[in-house]
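Just one chain is shown here, as structure tokens, and it is the form predicted alone.
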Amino acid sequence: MLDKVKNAVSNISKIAVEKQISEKELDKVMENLTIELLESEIPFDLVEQISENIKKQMIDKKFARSDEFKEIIKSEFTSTIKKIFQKVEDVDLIQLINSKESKPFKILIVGINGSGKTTTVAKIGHLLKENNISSVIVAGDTFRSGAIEQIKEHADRLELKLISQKYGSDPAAVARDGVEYSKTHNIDAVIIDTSGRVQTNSNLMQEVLKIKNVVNPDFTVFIGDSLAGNDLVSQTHEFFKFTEFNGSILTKVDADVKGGAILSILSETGKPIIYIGTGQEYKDLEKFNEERFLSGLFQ
């Protein structure tokens, strides 16, 4: 997952065999490693922390094998990332829905256009259906041309009720309609899609805040494109500032993810990544597995 880091570690470890490394040499070594860490989109504060810990363990030490050096770096990575995971609450969405006495459980979906948000809404609907949880979908994107037709196609395939109005309607009103329909029809959960918005557009972000104030969601989910790189950090920060979302779903994790994006979201918000999108089919929504993530970092 961290290919650039793996290559850097391999190259650097060659100078660490059968000799003591001076502090000057070590500074140069760590400078190169730091660059590779940042280019892998590891958050800056984590890069500083990892680098300092590695320096403490390497200064004036002699290594018989290059693998010893590699193990130090792997150990420091794992230890630092585990501390991040320990600060993040473990959330089971299915359990949350089932444990709520008053229905419906209201799920608000936020994110920018192109992140796979609408498809993820459908995947959540499929997931709930597989767990015998009834749901309706709200077409809260009343701005983008074709958005209502797109989500209707997903709802029809899944045989789920879609609540929608015409383009230009107030998204908060559509969301409220979805909640009221769910109450009167004893539906377990309502999944509220919203129009994708650029995080720097304050007017559109205020619209999300209005929807949230009107429906008072039980769980707000930020949908992030794992391939967005450093922009994902900016998106995460702005959406969290406006919505204080409860958890994230990262899409396109089946592609070439550097790994830093995942760490950025966790360290930026302290909120869990509840699922990852691993493909285009409805079933391609998996629970984020911390141990699998850690074991895959240096494979």
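Everything numeric in this text was worked out from a predicted model, so none of it was measured. Each residue number is its position in the shown sequence, starting from 1.
Unshown form predicted in complex with a small molecule; subsequent notes refer to it.
Contact between I112 and the small molecule in the predicted bound form is found at the 4.5 Å heavy atom cutoff. Contact between Q280 and the small molecule in the predicted bound form is found at the 4.5 Å heavy atom cutoff. Taking non-hydrogen atoms only, T119 approaches the small molecule to within 4.5 angstroms in the predicted bound form. None of the heavy atoms of K212 is located within 4.5 Å of the small molecule in the predicted bound form.
The contact with the small molecule in the predicted bound form, taken as any heavy atom within 4.5 Å, belongs to T251 out of S40, T269, T251, Q235. Contact annotation: of the candidates R144, K152, K87, K183, the single residue with a non-hydrogen atom within 4.5 angstroms of the small molecule in the predicted bound form is R144. Of the stretches 44-52, 270-278, 235-243, 25-33, only 270-278 has residues with a heavy atom within 4.5 Å of the small molecule in the predicted bound form.
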